[in-house]
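Shown next as structure tokens: one chain only, the form predicted on its own.
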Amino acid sequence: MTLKTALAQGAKLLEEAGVDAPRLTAEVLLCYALRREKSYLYAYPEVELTELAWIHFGRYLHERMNGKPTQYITHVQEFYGRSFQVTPDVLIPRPETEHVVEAALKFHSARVLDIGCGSGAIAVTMACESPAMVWATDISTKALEVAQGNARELGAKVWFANADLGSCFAPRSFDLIVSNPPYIPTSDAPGMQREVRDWEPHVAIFSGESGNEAYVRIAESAAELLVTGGHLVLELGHQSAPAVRAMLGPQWQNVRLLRDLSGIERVLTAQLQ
């Protein structure tokens, strides 16, 4: 079977299975099976697929057709211009979270804490894009292993701690706290995409019945850990903005809501007085 035929058949199978972007997904999976760049597929369409490559490609197609996200098959997701390793132990970094990084970088903070770091996408990017001293926490030891690996691969100096929120740090230790917390109500699970509901870690997705429980705890922790004048930057769910803004007490000033490219209020920033 040639690369051209394999690509066409793969795209057809994915389309029939209802997978989004079937052609693009087939390209990604075939490239991963071949360990080649995309340009190779179109430069040599008549090259015969080896038996081993066909076995790998078939397995990847089967996994994707059963709902496994492409990123968990290839173990890679791009974020802020860098390649991050991902596993089912961490949330797949989304483009929307880049808005969180952009907002955080504008504060030019010296000491930064990323709460619930997951793959390390935010913490590692902050360390790579600024001279800040960056710490990161997560309650999952497996997630921390992934984040530490990404920091090593990308040459980022980040200190990691296995902790709930910022419980291992002394008060007034940071100038900036940033987080992409879980914010989906558990009641929303039945209507979610199976790729998210069935594959990504629930601890990084769901946050109680309202979806706001994590925000409450992070705001309380940030009020203790930030210095006076320090900033809090949070990623918001598509319906989270009113509730999160309302829960911030009078000690929080200069509260701003920033929209993503879809017009959704995606990022909240606030300053501790």
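All residue numbers are counted from 1 along the displayed sequence. This structure is a prediction, so every number in the text was calculated from the model and none was measured.
There is also a form predicted in complex with a small molecule; it is not shown, and the following applies to it.
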If contact means any heavy atom within 4.5 Å, which of 127-135, 147-155, 164-172, 186-194 contacts the small molecule in the model of the complex?
164-172
Is there a heavy atom of Leu176 no more than 4.5 Å from a heavy atom of the small molecule in the model of the complex?
no
Give a yes/no on whether Val76 approaches the small molecule to within 4.5 Å in the model of the complex, heavy atoms considered.
no
Is Leu105 near the small molecule? Define near as a heavy atom within 4.5 Å, in the model of the complex.
no
Might Val112 be said to contact the small molecule in the model of the complex, defining contact as any heavy atom within 4.5 Å?
no
Joint contact, Gln9, Ala17 and Ile55 to the small molecule in the model of the complex, by non-hydrogen atom at 4.5 Å
no
